[in-house]
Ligand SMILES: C[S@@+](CC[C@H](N)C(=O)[O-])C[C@H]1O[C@@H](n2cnc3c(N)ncnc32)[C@H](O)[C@@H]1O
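To begin, one chain is listed below as structure tokens, in the form predicted on its own.
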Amino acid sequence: MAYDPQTERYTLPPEHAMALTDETSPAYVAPGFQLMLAIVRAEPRIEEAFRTGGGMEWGEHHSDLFPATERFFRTGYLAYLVSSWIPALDGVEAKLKSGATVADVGCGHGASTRIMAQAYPNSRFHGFDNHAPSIEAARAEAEAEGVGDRITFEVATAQDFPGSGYDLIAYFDCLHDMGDPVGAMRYARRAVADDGALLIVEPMAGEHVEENINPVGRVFSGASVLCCTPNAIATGGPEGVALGTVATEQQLREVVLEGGFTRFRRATETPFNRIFEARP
């Protein structure tokens, strides 16, 4: 905020306005305040999780966390998903245009699913999430946006969602939350077509701690401690792996390859995201 003593007026610089008021901007971060407020509302449960080491599942958080998460990530998906992320995958865009079957795992309120459905009307999309209220919200939004005829939303986890032979299985900002990401990848290998692909979107992070000591890294690291990693701990079981929000590319590669895929690459990136492609 800038103040001019001559006019006694306050102004918001354009670069600040882009981040705080423009809901169409990929730099729009205002929902992050709603997201973090929702997380700290679970402070007593978080304190218990830290004390006992038992973790805390996403579904235990305040209900505001779920719409806030969609608002926080949706602008990036709107800006990049169709324009650059999908085109960066080998041959995937052509399949989606002609007609493909897609699974969106960990879809939440379904923003990513709906964006793809709007862009590729010949394809059919299936959104899965283990949080029933989020699936109910996703169904309502799909109907409101007129894409309910090409999307189904179901309550399911990354290791029991129905269907097989998917041309594309997508994981938007959720693989790092999973308690058994290797198991999720093994299940995906059985569910994806032999000529299909995985689209894995993860928060931007470096290979070393010092690469994350910046505004983006600090935000993602804080969210990881309070929300993402506790969910992985709570749901992982004896073989679980808590990747966390700032998992390195090498860690993600190891998870995907151990899950049965043979190819893994960074397809593209933004200041906030790393976009990976995996192939059987």
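From a predicted model like this one, the values you see are computed outputs, not experimental measurements. Counting begins at 1, following the sequence as shown.
Another form, the form predicted together with the named molecule, is not on view; read the next lines as being about it.
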property	result
Option touching the named molecule, based on a heavy atom within 4.5 Å in the model of the complex, out of Thr101, Thr152, Thr75, Asn130	Asn130
Contact segment among 186-194, 206-214, 86-94, 152-160, judged by heavy atoms lying within 4.5 Å of the named molecule in the model of the complex	152-160
Trp58: touches the named molecule in the model of the complex, heavy atom cutoff 4.5 angstroms	yes
Partner contact for Glu202 in the model of the complex: the named molecule, 4.5 angstroms, heavy atom	no
4.5 angstroms heavy atom contact with the named molecule in the model of the complex for Phe125	no
Distance check, Met178 to the named molecule in the model of the complex, heavy atom within 4.5 Å	yes
Partner contacts for 95-115, taking the named molecule in the model of the complex and a 4.5 Å heavy atom cut-off	Gly106, Cys107, Gly108
